[in-house]
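We begin with a single chain expressed as structure tokens, specifically the form predicted alone.
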């Protein structure tokens, strides 16, 4: 690991990272931050709000930024310079995850997973939200993943306290997939760019490592048993098919869809890794529980 300027010298957990063009965004316990110099310096975009808010999730597309907070999603159309607060249903749920449709430029669909009220879906770029939980019997949602072919197959996955649920109609209804319940909760999900062909889905758990499905979630096998032995906090698959796995104490990568793991980075023992922004090795960033945002290698 090499060092870069911290967002804040005080502990301030980084829950999520996002990139849109030259802008980087960090969802932190003290707000939503933006960096325009590759993560060297950061500015708190919530500093002008009337009430201090913790940002627990963030996504971005073009100049549109969506930040999850307790009970609402904040929306900006000017890269975070101004915000509109869109409340969710009462009692106010905590937004644990945000995910953007791969066809967002055309369909404007965004999904929000909450810690105690299931999934909300927006079809108007975050201007309004609808709770879509039919069949989602476990509404403690930690992670969401859109199929790369969402425009054609309408498939969306949700990782929850008890396992994994799948929707084939954009979140309107859900059905549980046969993920081993004793391996849950599921903290992270990622889908192969070639999902239509290979059906590959990765699931990271809190205490039972990494799991792989090659048939769209119908069957599962645990992989990487000797290295992923604790929480898998993030999984990201790049467009080139490189799989990156974020553990609390390190980052490991596979160039062959998880058959072998030939890349690894270790983190200092005093830092707990929480979130990953993958890409080319030179541009990957990791967010830590103490407030650091550092390059991966």
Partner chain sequence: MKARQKPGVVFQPRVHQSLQRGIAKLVGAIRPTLGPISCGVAIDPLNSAETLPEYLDDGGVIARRIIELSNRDEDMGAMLARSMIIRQHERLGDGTATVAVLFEAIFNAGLRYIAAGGNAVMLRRHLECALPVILDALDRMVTPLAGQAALTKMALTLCHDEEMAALLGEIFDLIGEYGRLEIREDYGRGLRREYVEGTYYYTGLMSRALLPDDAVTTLSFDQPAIFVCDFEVDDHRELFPVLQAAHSSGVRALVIVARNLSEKAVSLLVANNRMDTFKVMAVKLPGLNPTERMEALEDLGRLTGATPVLSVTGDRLDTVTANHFGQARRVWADLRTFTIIGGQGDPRRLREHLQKLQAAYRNAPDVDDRKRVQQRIGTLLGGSVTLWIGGFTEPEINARKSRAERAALALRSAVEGGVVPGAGIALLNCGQLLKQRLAQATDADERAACNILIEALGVPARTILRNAGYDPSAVLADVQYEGPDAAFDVLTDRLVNTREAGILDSVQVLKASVRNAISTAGMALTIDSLVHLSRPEIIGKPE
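Residue numbers count along the first chain shown, from 1. Quick caveat: nothing in here was measured; it's all calculated off a predicted structure.
A second form of this protein, the form predicted together with the partner chain, is not displayed here; the remarks below concern that form.
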Between 77, 116, 198, 107, only one gets a heavy atom within 4.5 angstroms of the partner chain in the predicted bound form; which residue is that? 116
Of 209, 154, 131, 148, the one that lies within 4.5 Å of the partner chain in the predicted bound form (heavy atoms): 131
Is there a non-hydrogen atom of residue 193 within 4.5 angstroms of a non-hydrogen atom of the partner chain in the predicted bound form? no
Is there a heavy atom of residue 144 no more than 4.5 Å from a heavy atom of the partner chain in the predicted bound form? no
Touches the partner chain in the predicted bound form: residue 126 (any heavy atom, 4.5 Å): no
Mark residue 87 yes when one of its heavy atoms lies within 4.5 Å of a heavy atom of the partner chain in the predicted bound form, and no otherwise. no
Report the stretch among 96-104, 77-85, 131-139, 214-222 that approaches the partner chain in the predicted bound form to within 4.5 Å, counting heavy atoms only. 131-139
